[in-house]
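Given next, in structure tokens, is a single chain: the form predicted on its own.
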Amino acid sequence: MNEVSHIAAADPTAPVGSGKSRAALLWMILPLVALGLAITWLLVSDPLRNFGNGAPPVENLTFERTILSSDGIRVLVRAGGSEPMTIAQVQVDDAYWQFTQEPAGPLGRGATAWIHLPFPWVLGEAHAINIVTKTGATFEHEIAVAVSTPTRDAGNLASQALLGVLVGLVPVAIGMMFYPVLRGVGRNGMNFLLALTVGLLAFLLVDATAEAFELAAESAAIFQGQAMVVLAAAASFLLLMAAGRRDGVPTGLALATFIALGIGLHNLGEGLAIGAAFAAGAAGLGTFLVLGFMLHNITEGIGISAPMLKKRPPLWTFVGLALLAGGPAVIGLWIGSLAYAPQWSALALAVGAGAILQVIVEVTAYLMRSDGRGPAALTAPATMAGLAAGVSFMYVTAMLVKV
């Protein structure tokens, strides 16, 4: 009797819940159906044809990669126009040249194609490529210094790896070698080192952001480079903040790991830029330039060590942190020299900028907690001196690596 009563009392609620679900499903499908009908009507009736004034469609073409080899020049282009575009002619140094396109045919919006030119380029000379489309639009690309593009053989990869180790891994490891000297510093000394870390990271943040925007401007319009940089940096910052504070506020080794990760992402972008310049022959990468990169990056090792001064970690920890911070320079150099594209370099630098901003926030918070005076510690003389020293050192040494 009681069971029957219970079922009778429950029955009225089941249809109501199921009805709500069907209504919710219906209101989710209806807008999609309306959107589909609107798109179909737009494609079938083409109401925009009344706005046509006979002008040719807007065309856009971006040069993403250039390869110089013994059989001529190859360029990778990406179309960004509103309608498919056809490459009709190609000029090199103001002379028309035969070319082959792969894949052949018109290029749709966002599509890429390789253009091969059997042109006898001259080592060390500048060459200008001019692509003419079927509508008569022209798109120019300059090869500032013609050098043979590195090939994917073991010798080249080993040389690039050595260069990446010198500019990324070695300076971080040298900076960490100051760790024994740094231990035992007092409160002012600790504030100076943490502020020094914030200063160098602030410079890297500005530098990475500026380079990301510069590369974004060179990428195809379809990628919306400026918005991509801002969104990638913001997403990187928020995700790392959430991950870093999942188990509380990071300190000690955890904070050092986040600093190494942020610097590593920056070094990945730096390696991409060096690799691209290396492939294009735009950078001499002589001994002086390599020394400049080493001096520029040596403070990064000190910054990574600063949060670990109160507790001595094992040696393997330093090895791991050095690889995390400096190793990406090797990977970036390989990618940059073999498969460079400006949008991906901009994306890597933007992610690195977001990671660096997260580390700046955490190190600053750690400085205030460890000092015990809260925000007042930020205006202490030692803090201000460390901040100024970090920014100044990075700015001065950056002069050595700008070409």
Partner chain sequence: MSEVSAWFREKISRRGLLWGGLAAAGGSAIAGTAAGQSVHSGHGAASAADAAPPPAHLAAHGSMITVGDVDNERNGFDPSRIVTDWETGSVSKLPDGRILRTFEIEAVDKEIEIAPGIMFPAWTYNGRVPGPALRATEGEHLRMVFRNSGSHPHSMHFHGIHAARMDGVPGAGLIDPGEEFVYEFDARPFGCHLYHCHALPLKRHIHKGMYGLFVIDPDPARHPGLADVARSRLLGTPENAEWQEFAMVMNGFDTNFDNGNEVYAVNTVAHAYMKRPIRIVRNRPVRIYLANVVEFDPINSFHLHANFFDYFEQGTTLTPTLRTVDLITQVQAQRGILEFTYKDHETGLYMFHPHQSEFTELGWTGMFDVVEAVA
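Residue numbers count along the first chain shown, from 1. Just so it is clear, the structure is predicted and the values come from calculations on it, not from any experiment.
Although it is not shown, the form predicted in complex with the partner chain is what the next lines describe.
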Let me test this: is every residue among 121, 240 and 344 within 4.5 Å of the partner chain in the predicted bound form, going by heavy atom positions? yes
Would you point out which of 163-171, 307-315, 181-189, 92-100 contains residues with a non-hydrogen atom within 4.5 Å of the partner chain in the predicted bound form? 92-100
In the predicted bound form, which of the listed residues (88, 254, 210, 221) lies with a heavy atom within 4.5 Å of the partner chain? 88
Does residue 136 make contact with the partner chain in the predicted bound form, using a 4.5 Å heavy atom cut-off? yes
Contact test in the predicted bound form: residue 370 vs the partner chain, heavy atoms, 4.5 Å: no
Heavy atoms within 4.5 Å of the partner chain in the predicted bound form: does residue 319 have any? no
Give a yes/no on whether residue 69 approaches the partner chain to within 4.5 Å in the predicted bound form, heavy atoms considered. yes
Within 255-276, which residues come within 4.5 Å of the partner chain in the predicted bound form, counting heavy atoms only? 261
